[in-house]
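Given next, in structure tokens, is a single chain: the form predicted on its own.
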Amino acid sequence: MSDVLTASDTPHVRAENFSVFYGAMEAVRKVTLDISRGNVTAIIGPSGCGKSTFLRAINRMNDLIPACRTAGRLLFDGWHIYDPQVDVVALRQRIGMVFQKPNPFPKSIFDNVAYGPRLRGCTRRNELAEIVERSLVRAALWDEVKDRLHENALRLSGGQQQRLCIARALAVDPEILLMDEPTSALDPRATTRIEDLIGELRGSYTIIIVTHNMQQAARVSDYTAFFYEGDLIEYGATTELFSRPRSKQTEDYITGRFG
């Protein structure tokens, strides 16, 4: 599926006949695709189609699920993510994740963002303060919380909490940001803020977003992958996939005939 890349692109993530199994069930089935660097890629499809399973495989979150195993290859910058020599902690620092529901720690706003840098050994207060400010600015939250940094993060609104979680992920300077339904628990106004933020982060990070909302995929992404029952049905530039889908299954899904 490398044909969706321009000549100057190199894949940031490449799947080669990649499968994920839960016991005997093949939840993701022999997927092959290239995800280009610095762009936003949306993964769409009905519930249970394998899109979140594929997303979580990219930073090995599925390792936490008993009886989960993989086959084929999933490459990050040319390295097989599931090679036994891969340091999973280091991998997750380079590939951050934002979940469906905001999950701030029951700590101050400052300590939430500083958590990752502290784990990496950063203890100097001035340096931590710079990282926290930079990350909150990138997450479009600084102006709203700069005078409240020592308040409990749980006092923030849902949309603010989700942007705080994005800031927390950005604080360790990842290359890739995975987002699993990041706005499904938010109201329309907060959703718009997150979508605007994704646009602002485009180019600085490779962003991969799972969404049930096809309008959202069309608004925020450069490329879209359509999954159905574990299979990758179609993958291409978002404008092409939504306006001229090659697959009848894709057309039926985006026009609401099923799903």
Partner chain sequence: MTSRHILDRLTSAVVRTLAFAVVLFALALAVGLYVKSRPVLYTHSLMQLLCTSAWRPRQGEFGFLPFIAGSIAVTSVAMIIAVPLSLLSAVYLAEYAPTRVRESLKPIIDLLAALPSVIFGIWGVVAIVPVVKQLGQWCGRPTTGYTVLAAGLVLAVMVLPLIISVTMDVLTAVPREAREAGLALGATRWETTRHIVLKCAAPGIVAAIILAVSRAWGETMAVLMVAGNVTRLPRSLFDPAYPLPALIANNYGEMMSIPRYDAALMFAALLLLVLVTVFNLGAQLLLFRVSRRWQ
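Numbering follows the first chain given and starts at 1. Note that the structure is a prediction, hence the values are computed from the model and not measured.
The same protein has a further form, the form predicted together with the partner chain, not shown here; the description that follows concerns it.
None of Arg92, Lys146, Arg73, Arg134 but one reaches within 4.5 angstroms of the partner chain in the predicted bound form through a heavy atom, and that residue is Arg92. Considering the partner chain in the predicted bound form, the lone stretch of 98 to 106, 123 to 131, 137 to 145, 183 to 191 in range is 98 to 106 [heavy atom distance within 4.5 Å]. Residue contact check for Thr206: none of its heavy atoms lie within 4.5 Å of the partner chain in the predicted bound form. In the predicted bound form, none of the heavy atoms of Tyr82 sits within 4.5 Å of a heavy atom of the partner chain. Taking the partner from elsewhere, Asn152 is found to have a heavy atom lying within 4.5 Å of the partner chain in the predicted bound form. In the predicted bound form, the partner chain sits within 4.5 Å of a heavy atom of Asn59. For a residue to qualify, one of its non-hydrogen atoms must sit within 4.5 Å of the partner chain in the predicted bound form; all three of Tyr115, Leu119 and Ala169 qualify.
Contacts to the partner chain in the predicted bound form (heavy atom within 4.5 Å) from stretch 65 to 80: Pro66 only.
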